[in-house]
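Only one chain is shown below, in structure tokens, and it's the form predicted alone.
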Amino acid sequence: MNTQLLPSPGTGTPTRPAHGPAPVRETGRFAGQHRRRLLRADALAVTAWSSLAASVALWLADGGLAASSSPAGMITALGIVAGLAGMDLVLLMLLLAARIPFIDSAVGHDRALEFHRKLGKPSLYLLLAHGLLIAVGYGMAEGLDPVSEAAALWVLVPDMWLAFISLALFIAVVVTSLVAVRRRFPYEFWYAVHLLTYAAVLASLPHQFSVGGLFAVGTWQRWYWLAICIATGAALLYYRIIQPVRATFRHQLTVERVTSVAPGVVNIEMSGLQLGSLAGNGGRFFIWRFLAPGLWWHPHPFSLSAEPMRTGPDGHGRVRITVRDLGRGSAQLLRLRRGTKVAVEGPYGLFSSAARSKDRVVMIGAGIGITPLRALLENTPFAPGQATVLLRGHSNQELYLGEEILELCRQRGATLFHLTGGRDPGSPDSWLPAAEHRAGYSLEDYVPEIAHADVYVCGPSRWAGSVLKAARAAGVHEDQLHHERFDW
């Protein structure tokens, strides 16, 4: 048997978990927090849909219907509406990727990026429709075919050549973002191409204000459109550039030491200033850039593996992450030298107490995904007996930071299971070791009250998917499942 069960303090001799749900007394400690977060998420959805409706309302308020009385006018009108809606979606995409705390705390970083990706194709299709319909509509009015009309627009209309370049850049960004395409390139190449989105937006702006009367000088439509463009740009500038630079200068992080945890796994300890402001963010992730030759431009999203520790009365402290060699980028971190300066962004994500909705909590981790749970276990509130931790690895050696987690469970009264061993080859989608799977164990056997708990899952994507599926089958509501994705 590769299962270890620790009793909560004062509960007597360890016992095997009973089948069936245990009686649960909920105090609703996190209910208000949960309702407020859902309200923020709803408000964001309403705002997003309202902005799309507003983009069409701009055209209607400008008398757009009156100008679409002829076939050419109707096609041109459709092209204008498609352009407005497409540009609105692009601005929404940029806001979702701006790492704005209000969005991050409402839906989480990974879900914000998921929505961002989903808007890519619709926005491109609308912008392509905009260009095509405008060329056809204008061409019908002037007796030209669409190709000749497009050439005329490029040559004769001010700023229109920039619009064509903008469309080409949008196509390049969306195509390289398709899963099948982006996996052919290293992250750095994809990221560099993705930055062209900003160039595409900037190139598209001049023709919106210099062509046609919808955004003519002095109209309220012009001020509205200018306002949302400027607000989007300001959010990106502040949250993607200014705030990370401020955080880097505020904390002045330096690599203190790199120590081995297991073969290919190290703790990276950094010292810095004002690290107390990072406390309570266990589970959330930061983006680290180690300012050494060949490394400074590589962003590394890692969660803390321990709460910040204050080491001096002047605000000095120490913070720690745990890194596993998973490829070229992370392998270089295992050889970091003491004194290396570190740039930091964050924290990001909802993998923290901010996502709690229940008094009970279950933390399930595998491999290097165990390490964020160690920091989460350290700071998330729960009473003795209300937390269960399940650690999964092929061997005890893969239960990284297992001894520290064991001690934390003892101190805080959490129940801990070690689940070690290979998967059942006949059931590769099982999240359990082969022995437990064949014995018929389920998630409820380890946590009978799991339907009344928040469940945090961190580990390899396929394994985590199996755990989430098992949790849903055990009656855990979607809002109680917390799993942060770090893939790009």
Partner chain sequence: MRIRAAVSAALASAGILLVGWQSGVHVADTRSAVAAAATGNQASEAGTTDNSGTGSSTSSGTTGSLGATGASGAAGAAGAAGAAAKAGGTYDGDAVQTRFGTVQVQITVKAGQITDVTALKLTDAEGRSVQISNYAAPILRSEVLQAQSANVQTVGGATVTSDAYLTSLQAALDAANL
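Everything numeric here is computed off the predicted structure, so don't read it as measured data. Residue numbers count along the first chain shown, from 1.
The form predicted together with its partner chain is left out here; the points below concern that form.
Colleague: Taking the shortest heavy atom distance, is S210 within 4.5 Å of its partner chain in the predicted bound form?
Modeller: S210 belongs to the contact set for its partner chain.
Colleague: Would Q221 sit within 4.5 Å of its partner chain in the predicted bound form, counting heavy atoms only?
Modeller: Result yes; Q221 sits at the interface with its partner chain in the predicted bound form.
Colleague: How about G63: is it within 4.5 Å of its partner chain in the predicted bound form, going by heavy atoms?
Modeller: Contact with its partner chain, yes.
Colleague: Is there a non-hydrogen atom of L39 within 4.5 angstroms of a non-hydrogen atom of its partner chain in the predicted bound form?
Modeller: Yes, L39 is a contact residue.
Colleague: So if I measure heavy atom distances to its partner chain in the predicted bound form, which of the stretches 244-252, 141-149, 401-409, 85-93 falls within 4.5 Å?
Modeller: The contacting stretch is 141-149.
Colleague: Heavy atom within 4.5 Å of its partner chain in the predicted bound form: which of S442, Q33, S50, S461 fits that? Just give me the one.
Modeller: Of the candidates S442, Q33, S50, S461, S50 is the one lying within 4.5 Å of its partner chain in the predicted bound form.
Colleague: Have a look at L124, A343, L214, L336 for me and say which one sits with a heavy atom within 4.5 Å of its partner chain in the predicted bound form.
Modeller: Looking at L124, A343, L214, L336 one by one, just L214 meets the 4.5 Å heavy-atom criterion.
Colleague: Does anything in 396-413 come within 4.5 Å of its partner chain in the predicted bound form by heavy atoms, and if so which residues, in order?
Modeller: Heavy-atom contacts to its partner chain in the predicted bound form: nothing from 396-413.
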